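For reference, the chain that follows is the form predicted alone, supplied as structure tokens.
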């Protein structure tokens, strides 16, 4: 009988923005470059992301369940599932349903809880939605919050300066909520940004890179996509985080050199070959 499962696949649950280099638009080429098939499940369709002054938006919530049903008919199995920005509590419930139906014994689930930044939740994230996201944490083999999101999920007051011991305590709290491994991304440490890698029973690992410039749209999606594909391909979490952080650093440098507007993300296309070295 014909099988659709003869190649490694990662399902990516995220929005699709036609311009701005974020979400599915970056996950698809990045995961594909790393020799894993990327299968998008769109949560919404946008002409360009919401940081632009105007944009076209089509909510895909009502279409997600029949979309998933067709994948069920095909008998699809995934080595990885990667979740990103979710726009409503209904979408969070649908993602939980998807994970319950498509997560097998060998499926790695990476949840990127795109909820906020700089100490504030995004405008769409109501207290009710934040509580629903906490329930999604227990499904994560790898959880990749930034400091703001780690604080929201653990009900911890946000502050500007963090000691690594304090960040490690946040990671431990997230583990107690059900996530297995945790990467708290982008912790400022002098001239560097540090990613804290927590794995139960192991010493906390710190992966630091020199700041190359201001944060840009879409880099979080690139970060989670590289980690997901690298881990599915057998890399350790620390090595995957190191690869992702260095890739983003060189992409930011190229984007500054090309005078790419901040809204337009990073010109990662120049460097895709680096991901398979």
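Predicted model only: the values in this text are computed from it and were never measured. Under this definition, the rigid core comprises the largest set of C-alpha atoms superposing within 1.5 Å between the forms. Numbering follows the first chain given and starts at 1.
Form predicted together with a small molecule: not shown, discussed below.
Trainee: At 4.5 Å between heavy atoms, only one of the stretches 228-236, 30-38, 210-218, 243-251 reaches the small molecule in the model of the complex; which one is it?
Mentor: Selected range: 210-218.
Trainee: Would the small molecule in the model of the complex be within 4.5 angstroms of a non-hydrogen atom of every residue among 17, 22 and 51?
Mentor: The answer is yes; 17, 22 and 51 each reach the small molecule.
Trainee: Given that the partner is absent here, does residue 85 sit within 4.5 Å of the small molecule in the model of the complex, heavy atoms only?
Mentor: Flag for residue 85 set to yes.
Trainee: Within a 4.5 Å heavy atom cut-off, is residue 46 in contact with the small molecule in the model of the complex?
Mentor: Output for residue 46 is yes: heavy atoms within 4.5 Å of the small molecule.
Trainee: At the 4.5 Å heavy atom threshold, is residue 122 in contact with the small molecule in the model of the complex?
Mentor: Residue-level check for residue 122: yes, a contact with the small molecule.
Trainee: Is there a non-hydrogen atom of residue 140 within 4.5 angstroms of a non-hydrogen atom of the small molecule in the model of the complex?
Mentor: Taking the distances in the model of the complex, the answer for residue 140 is no, it never comes within 4.5 Å of the small molecule.
Trainee: Counting any non-hydrogen atom inside 4.5 Å, which residue from 197, 114, 147, 81 sits next to the small molecule in the model of the complex?
Mentor: Of the listed residues, the single hit is 114.
Trainee: Answer yes if the CA of residue 62 moves 2 Å or more between the shown form and the other one after aligning the rigid core, and no otherwise.
Mentor: No; that C-alpha moves by less than 2 Å between the shown form and the other one.
Trainee: Is it true that residue 53 shifts between the shown form and the other one by 2 Å or more at the Cα, once the core is aligned?
Mentor: Superposed on the core, residue 53 moves its C-alpha 2 Å or more between the shown form and the other one.
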